[in-house]
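The chain below stands alone and is given in structure tokens; this is the form predicted alone.
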């Protein structure tokens, strides 16, 4: 039971689209990630995902629209909804994710950006 400084944890890694686990709450994990550019279109059949923007602006693309998520804002992507996060060209965004431990990084999609393990920091 110690405080976790998100800025300090973000300073520990430089990889993009590779979440790092900072805490576990029951069957949920709290992840930090740095993102830049466009990710992968995917969905999670059985899990919701919560994204909080810590730094920058995230664009959450859905097939019918794009939602802008600014610093200090969150967006919840419901299970089964196809989505693709992206950033402005060349801009780095820091995010916090809250999701079930069972959530696969890119759902049923396999891509070069797909991660199968998340380092614990």
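Positions refer to the first chain, counted from 1. Worth saying up front: this structure is predicted, and the values here are computed from it rather than measured.
There is also a form predicted together with another copy of the chain; it is not shown, and the following applies to it.
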Problem - Heavy atom of each of 34, 38 and 109 within 4.5 Å of another copy of the chain in the predicted bound form - result: no
Problem - Among the candidates 79, 42, 91, 94, the residue which, in the predicted bound form, approaches another copy of the chain to within 4.5 Å (heavy atoms) - result: 79
Practice task
Answer for residue 84 alone: is it within 4.5 Å of another copy of the chain in the predicted bound form, judged on heavy atom distances?
Solution key: no
Exercise for the section: Give a yes/no on whether residue 57 approaches another copy of the chain to within 4.5 Å in the predicted bound form, heavy atoms considered. Expected result: no
Practice task
Look up in the predicted bound form whether residue 5 has a non-hydrogen atom within 4.5 angstroms of another copy of the chain, and give yes or no.
Solution key: yes
Exercise for the section: May I ask you to state whether residue 113 is within 4.5 Å of another copy of the chain in the predicted bound form, using heavy atom distances? Expected result: no
Handout entry: Contact set, 60 to 91 vs another copy of the chain in the predicted bound form - heavy atom within 4.5 angstroms
Key = 62, 65, 67, 68, 69, 72, 73, 74, 75, 76, 78, 79, 81
